[in-house]
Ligand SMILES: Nc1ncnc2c1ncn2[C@@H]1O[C@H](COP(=O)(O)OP(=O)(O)O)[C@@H](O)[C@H]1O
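The form predicted alone is given below as one chain in structure tokens.
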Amino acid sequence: MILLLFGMETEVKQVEEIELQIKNVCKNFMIDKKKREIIKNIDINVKKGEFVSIVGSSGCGKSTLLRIIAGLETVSSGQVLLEGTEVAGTSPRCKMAFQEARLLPWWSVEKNISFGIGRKVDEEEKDKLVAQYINLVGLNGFEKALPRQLSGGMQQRVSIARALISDPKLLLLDEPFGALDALTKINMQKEVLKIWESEKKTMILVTHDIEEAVYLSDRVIVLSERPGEIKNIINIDIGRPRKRGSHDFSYFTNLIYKEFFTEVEREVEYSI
């Protein structure tokens, strides 16, 4: 009896650790009166506090999958559960940062961030929250700045702070550094990692940058060509902080590159 109860307790604990469940999700679009499969048979469990990246070639459905998780798109079949509750539309439990910062140009940094609170709070609490998240993303001294007065990286920091200020369970990042120059991108990756480590949020990143995925992630999910199916899930078993030039880092980067090049080579063979 004791062993049985211990087993049940362990099973319950494992279930509680799962933040997000994606169950056999498929998504189709009707284009020119023809059904086009975008993603197919996606099954993923994401643990609480995990950092997961999704990589794949253009058009494989990465961003569509992220929008489904966020409740911005509906599934054609399957189910998405966040903390055991089915996702049906947008929710403050899940926030998303896009490639474009999407800030309101006539509002200051602090007003853009406060817009993300999403609930009624008194002025004193709002000011404390905004100050907390401005400090979190390292924008002290820029509270009154307008978006046009900020660099691209700083705008993305505002966007991430705006997403986090409502204290979501899950933060989705849709290629948030894709438009940044190489040095700014590396600095932003470090900032996101600091935020992830301090806030203990579950994060899912869509990216074309394999080195970025290896640098940030606990696991990297590789999608196939459209319709996007899970081709491989790679555990990045490297401690943090990670050194981009290290043998282990290169090993995992090359491992994921091979997944891509295999796909590309097949496509070339078929076209010939």
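The model shown is predicted, which means the values in this text are computed figures rather than measured ones. Throughout, we count residues from 1 along the sequence that is shown.
FYI, the form predicted together with this ligand isn't displayed, but the following is about it.
(message) Heavy atoms within 4.5 Å of this ligand in the predicted complex: which stretch in 60 to 68, 214 to 222, 242 to 250, 44 to 52 meets that?
(response) Heavy-atom contact with the partner occurs in 60 to 68.
(message) Looking at I234, I230, I38, I238 here, can you tell me which has any non-hydrogen atom within 4.5 angstroms of this ligand in the predicted complex?
(response) Contact check passes for I38.
(request) Sequence order please: the residues of 17 to 48 with a heavy atom within 4.5 Å of this ligand in the predicted complex. (result) The stretch touches the partner through F29, M30, I31, I38.
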